[in-house]
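The chain below stands alone and is given in structure tokens; this is the form predicted alone.
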């Protein structure tokens, strides 16, 4: 299903900012901050404002089309999301992010944490850091 169809299902239109942000993320090799997405848009003569980039990212994240990736300095970037539950491996050197499929193996840990703390866990973010194959060489 393409972006147009997904937006139509929610009663939304495919606006220029939405299309520009998705195109930039499709071409990206590393997670991009809203400011970096805005800069790419300007470089490609796409006339969208930074506020539109933030609003678009918020919408696309809510729809599950884009995911946040946190960098070493807590500065988040965004990547396209695959369907289903996923996590990310992030290279400490080049910031490349690779998505991997989530697993049910975390359920016992989450249940233990809920029991020990009294919290009800309804969401989690798992992100691993290391060196990608290229940066290991």
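Treat the numbers as computed from the prediction; the structure is a model and nothing was measured. Residue numbers count along the first chain shown, from 1.
One more form of this protein exists, namely the form predicted in complex with the DNA; it is left out here, but the text below deals with it.
> Counting any heavy atom within 4.5 Å as contact, can you tell me which stretch out of 107 to 115, 27 to 35, 79 to 87, 94 to 102 lines the DNA in the model of the complex?
Stretch 27 to 35 is the one.
> Determine whether any heavy atom of residue 15 comes within 4.5 Å of a heavy atom of the DNA in the model of the complex, and answer yes or no.
Yes, residue 15 sits close enough to the DNA in the model of the complex that at least one of its heavy atoms falls within 4.5 Å.
> Considering only heavy atoms, tell me if residue 42 and the DNA come within 4.5 Å of each other in the model of the complex.
Although the DNA is absent here, residue 42 would stay clear of it in the model of the complex, with no heavy atoms inside 4.5 Å.
> Though only this chain appears here, would residue 55 touch the DNA in the model of the complex if you measure heavy atom gaps against 4.5 Å?
Result yes; residue 55 sits at the interface with the DNA in the model of the complex.
> How about residue 4: is it within 4.5 Å of the DNA in the model of the complex, going by heavy atoms?
Yes, contact at 4.5 Å.
> Between 17 to 51 and the DNA in the model of the complex, list the residues on our side with a heavy atom within 4.5 Å.
Residues within 4.5 Å: 17, 18, 34, 35, 47, 48, 49, 50, 51.
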